[in-house]
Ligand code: GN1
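Quick setup: one chain, the form predicted on its own, written in structure tokens, and binding and motion questions come after.
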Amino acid sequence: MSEALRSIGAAFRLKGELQSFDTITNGNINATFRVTYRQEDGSEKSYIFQRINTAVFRNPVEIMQNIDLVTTHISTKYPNERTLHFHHTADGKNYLFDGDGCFWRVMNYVDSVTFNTCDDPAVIEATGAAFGHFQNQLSDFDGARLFETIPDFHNTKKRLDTLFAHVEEDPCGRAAGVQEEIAYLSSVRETAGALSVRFANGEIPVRVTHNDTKSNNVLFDRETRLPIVVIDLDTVMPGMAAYDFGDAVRFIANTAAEDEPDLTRVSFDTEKFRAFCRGFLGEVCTSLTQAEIDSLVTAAFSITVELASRFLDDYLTGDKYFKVNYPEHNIVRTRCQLALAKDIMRKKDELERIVAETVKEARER
């Protein structure tokens, strides 16, 4: 592997001599390595090498072109801030197909820490600020310039339409056992899909969105616990800012894991929601439209329903998309997300008050 990595490094014109490499085990899709080079002055510099799983990311060139446009825009607009830096080959590409047809990219390593889950309100607020700042950095970037690398990725209406088509087909004979879940999704189908319809009609503006706003996609300083940079830009596409917000709070404010079987442990933590709001809206409330601000809580509900529909759809069609550890895994996931969606709806008025209060505070600063 060291010779293969050395060859990749040479193609990306890295300086110095390769000294060592370590395999990074976080993430289940791409093969990731931290590769350290010794520079001419004796110092060491580390890079992240990634071999992209093209069975999952079927259009990696488009993904990397999106990343190039976004990172170039940010680094040009904010030259004094840390941004992700992807290296380029001699022909100006930020990716490489090697001799075996494998797809590689190389970026600078950032010494940092990440949080898969967090109960510290300060870190949650900082996470919100990081994603809000990322949104703000790209507020003047034309999202239409980006490829939609996963068409209809967060089109909740279409996701639900697909689910109910598969309910009718019932290809694996599993629908009879999940009638309660199907009935609930049917009852909220129109409400959950409403933002997607408004977005398609142009009532909500197109933004550059991250589309995977989990807390572990923010790098933090090890000492100060302040955010350094947002990472994992593979799903950067045109979309709704409110869905980035909604997906983040769906993940951060859930009191249980996404596949918690004990639904009594699943609820939506309003204080975590408040902390994320404070950070996110502190960065973007002046650049979002009122329609976007008004849709934030609805987006949290809609995207939670959307994920539940995806888990249920995968179950009905034979568990082909999400990795399952036992036969009912996708049903457990579905029920967990539906319990969370129901709690969001129960707390909707309180959550909207928190948004309004946070916007008022941010505008008065």
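Just so we're on the same page, rigid core means the largest C-alpha set that superposes within 1.5 Å between forms. Residue numbers run from 1 along the displayed sequence. As the structure is a prediction and not an experimental result, all values here were calculated from the model.
Just so it is clear, the following notes concern the form predicted in complex with the named molecule, a form of the same protein that is not shown.
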Worksheet, complete the sentence: Interface check vs the named molecule in the predicted bound form: of 292, 258, 221, 161, the one with a heavy atom inside 4.5 Å is 258
Worksheet entry | Contact assignment for the named molecule in the predicted bound form, among 84, 150, 263, 175, heavy atom within 4.5 Å | 150
Worksheet item: Hey, with the named molecule in the predicted bound form, do 26, 307 and 310 all fall inside the 4.5 Å heavy atom range?
Response: yes
Worksheet item: Using 4.5 Å between non-hydrogen atoms, is residue 235 touching the named molecule in the predicted bound form?
Response: yes
Discussion item. In the predicted bound form, does residue 326 come within 4.5 Å of the named molecule, counting heavy atoms only?
Written reply: no
Discussion item. Given that the named molecule is not shown alongside this chain, does residue 269 nevertheless sit within 4.5 Å of it in the predicted bound form, heavy atom to heavy atom?
Written reply: no
Discussion item. Taking the named molecule as it sits in the predicted bound form, is residue 322 near enough to touch it, meaning that at least one heavy atom pair lies within 4.5 angstroms?
Written reply: yes
Worksheet item: For the chain seen here without its partner, which of 56-64, 41-49, 312-320, 294-302 has a heavy atom within 4.5 Å of the named molecule in the predicted bound form?
Response: 56-64
Worksheet item: Mind listing which residues of 193-220 have a heavy atom within 4.5 Å of the named molecule in the predicted bound form?
Response: 212, 214
Item to complete: For residue 272, decide whether the Cα shift between the shown form and the other one is 2 Å or greater, given a superposition on the rigid core.
Response: no
Worksheet item: Is the C-alpha displacement of residue 133 equal to or greater than 2 Å between the shown form and the other one once the rigid core has been superposed?
Response: no
Discussion item. Checking residue 105 here: with the core superposed, does its CA move 2 Å or more between the shown form and the other one?
Written reply: yes
